[in-house]
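Only one chain is included here, represented as structure tokens and corresponding to the form predicted on its own.
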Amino acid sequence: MRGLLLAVLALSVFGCASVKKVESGTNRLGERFTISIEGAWNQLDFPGVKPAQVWTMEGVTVDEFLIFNGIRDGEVMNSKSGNGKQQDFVFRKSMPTEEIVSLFEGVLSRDNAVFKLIKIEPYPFGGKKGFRFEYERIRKTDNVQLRGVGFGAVDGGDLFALLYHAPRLTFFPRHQARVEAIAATAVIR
């Protein structure tokens, strides 16, 4: 954990990464997607995070709030790997919910993390017919057991989703209600 924190710190010192405070209130995440937040969120921008936006309350080694804003049909869901040996996960607008959640599983386990889907259910998201899922993940780098929740919907052939995960014993329960409240404010236009 300490090594990853030092790497992020080094990236930000050398200009490859940036951290900016996300203002409370309604945040426009693109032309068609908004969410409302309260609290001290920070947006991280460093190589390898696209197409997701990465937000955190406690720090990137502790919790991650991943925002997928309007992923188009045929777009790769993960950052491109430089070595070409890892599989890319591509969104298709015709995918059923279970396959979309499997895409997220692939993205979240590219680093050889262990992913376990706990629950998936229909759930209104962004004013559209969507889905909600819960998962567990064990990070390969430090064996930390994470708990997560995700929300998503496909509209006009584009995928919109929010995923949050943090260590399951302290940090996830601390912020789960806040994340659920953010998901309830999502609007897809």
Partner chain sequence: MKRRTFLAGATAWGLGLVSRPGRTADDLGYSAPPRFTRPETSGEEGGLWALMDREERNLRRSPLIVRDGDLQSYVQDIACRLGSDHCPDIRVTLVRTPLFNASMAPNGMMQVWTGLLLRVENEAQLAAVLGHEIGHYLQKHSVERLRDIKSKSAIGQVFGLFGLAGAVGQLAVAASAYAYGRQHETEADRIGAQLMHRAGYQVGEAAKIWSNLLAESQAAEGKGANGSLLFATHPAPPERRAMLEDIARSLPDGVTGEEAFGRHVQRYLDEWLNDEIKRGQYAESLVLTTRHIARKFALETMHYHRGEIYRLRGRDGDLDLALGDYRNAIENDKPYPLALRGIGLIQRQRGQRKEAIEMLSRYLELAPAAPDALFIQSYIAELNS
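Residue numbers count along the first chain shown, from 1. For clarity, every value in this text was computed on a predicted model and none was experimentally measured.
In what follows, reference is made to the form predicted together with the partner chain, a form of this protein that is not presented.
- Item | Single option in 62, 54, 29, 138 placed near the partner chain in the predicted bound form, where near means a heavy atom within 4.5 Å | If I apply the 4.5 Å criterion carefully, the residue I get is 138.
- Query: Which of these stretches, 155 to 163, 63 to 71, 139 to 147, 33 to 41, has heavy atoms within 4.5 Å of the partner chain in the predicted bound form?
  - Reply: Contact criterion met by 139 to 147 only.
- Query: Contact between residue 50 and the partner chain in the predicted bound form at 4.5 Å, heavy atoms?
  - Reply: No.
- Message: Does any part of residue 128 reach within 4.5 Å of the partner chain in the predicted bound form? Heavy atoms only, please.
- Response: No - in the predicted bound form, heavy atoms of residue 128 and the partner chain never come within 4.5 Å of each other.
- Query: If you look in the predicted bound form, which residues in 116 to 130 sit within 4.5 Å of the partner chain (heavy atoms)?
  - Reply: Counting only heavy atoms within 4.5 Å of the partner chain in the predicted bound form, the contacting residues of 116 to 130 are 117, 118, 119, 120, 121, 122, 129.
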